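A single chain comes next, written as structure tokens; it is the form predicted on its own.
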């Protein structure tokens, strides 16, 4: 695999993690900060699964199965965060 591609992915993941930390300290409304962090986390999860776990080169049916699992995990996260408030 191309080292340049992995470097770009690393930089994107690093910047996303940094933005998540900045969102925590930005003093945004709870749901705004929560939505931004969820979107960034989902983007990072997709990048890691696609490239570092080689899902990009697997059959589409396996990709859909993993996507359903991710959607279920996000739904449970939303449900848990709603019950906290």
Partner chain sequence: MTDSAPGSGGRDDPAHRPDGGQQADASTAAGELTVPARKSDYEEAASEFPSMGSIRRWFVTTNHKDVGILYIVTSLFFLVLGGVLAWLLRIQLWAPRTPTTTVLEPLAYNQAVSAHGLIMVFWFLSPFAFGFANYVVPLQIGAKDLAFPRLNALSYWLYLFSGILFGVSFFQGGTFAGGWTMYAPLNVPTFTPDVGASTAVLALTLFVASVTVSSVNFLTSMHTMRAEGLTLRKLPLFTWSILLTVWMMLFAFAALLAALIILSSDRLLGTTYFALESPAGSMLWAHLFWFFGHPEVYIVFFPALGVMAEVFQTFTGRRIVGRKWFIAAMVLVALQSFVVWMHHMFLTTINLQIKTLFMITPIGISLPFDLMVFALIYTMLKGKIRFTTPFLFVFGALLLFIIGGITGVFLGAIVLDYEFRGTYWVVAHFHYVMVGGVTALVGGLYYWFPKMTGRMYDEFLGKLHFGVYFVGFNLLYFPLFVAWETPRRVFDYSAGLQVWHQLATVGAFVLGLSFLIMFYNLTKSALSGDPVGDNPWEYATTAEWAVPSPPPLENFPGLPTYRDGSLGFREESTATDGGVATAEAATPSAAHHDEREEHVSHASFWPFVVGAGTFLLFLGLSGLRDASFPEGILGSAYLGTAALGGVVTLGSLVFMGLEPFHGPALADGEAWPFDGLEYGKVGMWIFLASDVVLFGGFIGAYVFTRVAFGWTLWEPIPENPVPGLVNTYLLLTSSFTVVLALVAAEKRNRPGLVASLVATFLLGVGFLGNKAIEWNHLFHEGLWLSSNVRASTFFLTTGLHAAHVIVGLVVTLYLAARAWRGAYLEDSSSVEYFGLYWHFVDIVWLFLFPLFYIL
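Positions refer to the first chain, counted from 1. Rigid core (definition): largest C-alpha set, two forms, superposition within 1.5 Å. Everything numeric in this text was worked out from a predicted model, so none of it was measured.
Unshown form predicted together with the partner chain; subsequent notes refer to it.
- Using a 4.5 angstroms threshold between heavy atoms, residue 26 stays clear of the partner chain in the predicted bound form.
- Contact residues in stretch 23-41 (any heavy atom within 4.5 Å of the partner chain, taken in the predicted bound form) are 24, 25, 30, 31, 34, 37, 38, 41.
- Shown in the overlay between this form and the one not shown, fitted on the rigid core, is a CA shift at residue 11 smaller than 2 Å.
- Once both forms are fitted on their rigid core, the CA atom of residue 23 lies less than 2 Å apart between this form and the one not shown.
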